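The chain below stands alone and is given in structure tokens; this is the form predicted alone.
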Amino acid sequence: MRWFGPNDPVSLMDIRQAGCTGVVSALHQIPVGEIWSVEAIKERIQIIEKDNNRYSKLKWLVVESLPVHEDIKKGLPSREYFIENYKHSLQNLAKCGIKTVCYNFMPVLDWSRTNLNYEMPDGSKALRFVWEDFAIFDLYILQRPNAEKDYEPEVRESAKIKFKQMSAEAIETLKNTALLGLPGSEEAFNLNTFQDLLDNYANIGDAELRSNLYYFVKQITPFAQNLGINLCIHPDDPPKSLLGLPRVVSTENDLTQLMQACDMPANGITFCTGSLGVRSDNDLAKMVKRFANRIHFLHLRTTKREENPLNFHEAAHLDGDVDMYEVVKAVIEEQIRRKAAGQEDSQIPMRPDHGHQMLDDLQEGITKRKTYPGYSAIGRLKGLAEIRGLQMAIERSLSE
């Protein structure tokens, strides 16, 4: 499971009791672009593994994420400095025995949602993205110049009507949701300065961002491979352009181009079934088989496209639009292949993602735990249990 560090209300003991042995974590306290020192890495390892002699073992197995500085994404001359810092951090991680590093290349924003408390039929709460609501934020709250061209006429009109009917509280909630910062961060973007961040990408389109991404992986992958580190890029979430910003890791073709840009095993993928599954044109089981040897990390979750296919919400892990049976089966077949080939990385690290808020995580008052949206303990535990049951059944059927 993902653990955001000592301030995470989901404890390491919670994660241990969920049946996990691996922890996914990052040094969120270090500003983006600065070097992760050996001392800081060892301190986090010590915290995660300190009770291993008394209880079942936990180990920091995956970094999520070692963030890429915006100057690298924008292709500025200063990117060389930040690429060198990135290499230094990778070197320090390798010294400490951590060999799987997740990152993303989404400009400005990480993942985006418009509702953090969407009520499901069973009373649990999920994350949701509504295209009309995002248009309201873009057109009437942010008031981004020339934003109108990015929305269909009917969406612009319905957003205008809905915005006029919204209360001040609803507008503030939508604004804060859209401006939410990186997972693990306590800070959100500031509306007054957010447009400036977007303006930095005024002359960076699809081709330019792809070029900057490919430059980065060409610089970083050979170095990582020599260290024994697997890099794994996280897909765009949602997998489409937002706020006029290009998104270049959204489809099978995007991943194909990226793998070809630096054809080395260490240039790999965080295969997130939730992000990729938002698009109906992504055949996930087929993609697992196609990119099998380049998948170094798995996020297993599913989303459900709604009546308007541009809208979606986080579904229960075995529901939604992802054929989780076929995806997990393809993953297990790849693990069997790796084991037969004698590969050290035969077991692909996996974590459940974006669990629903449910049971005690919904309780108000002194017992309520304020977790980062999508990262409550019980919802992820439910998802993990479902995935592990599916895994065991598939493994047994393949061994017969």
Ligand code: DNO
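Residue numbers run from 1 along the displayed sequence. On a predicted model such as this, the values are computed, not experimentally measured, just so you know.
There is another form of the same protein, the form predicted together with the named molecule; it is not shown, and what comes next is about it.
Query raised in the report: For the chain seen here without its partner, which of 96-104, 282-290, 189-197, 131-139 has a heavy atom within 4.5 Å of the named molecule in the predicted complex?
Result: Flagged stretch: 96-104.
Report task. Could you confirm whether Trp60 comes within 4.5 Å of the named molecule in the predicted complex, counting heavy atoms only? Result -> No.
Report task. Would you please decide whether His356 lies within 4.5 angstroms of the named molecule in the predicted complex, comparing each non-hydrogen atom pair? Result -> No, no contact at 4.5 Å.
Query - the named molecule contact at Trp111 in the predicted complex, heavy atom, 4.5 Å - result: Yes, contact at 4.5 Å.
Requested in this report: Spell out, yes or no, whether the shortest heavy atom distance between His317 and the named molecule in the predicted complex is within 4.5 Å.
Outcome: Result no; His317 lies far from the named molecule in the predicted complex.
Query - Interface residue in the predicted complex among His69, Arg44, Arg351, Arg338, criterion: non-hydrogen atom within 4.5 angstroms of the named molecule - result: Spelling it out, the residue with a heavy atom inside the cut-off is Arg351.
Query - Position in contact with the named molecule when the complex is considered in the predicted complex, options Arg144, His313, His234, Lys74, heavy atoms within 4.5 Å - result: Exactly one listed residue reaches within 4.5 Å, namely His234.
Query - Any residue of 1-17 that, in the predicted complex, places a heavy atom within 4.5 Å of the named molecule - result: Stretch hits: a single one, Arg2.
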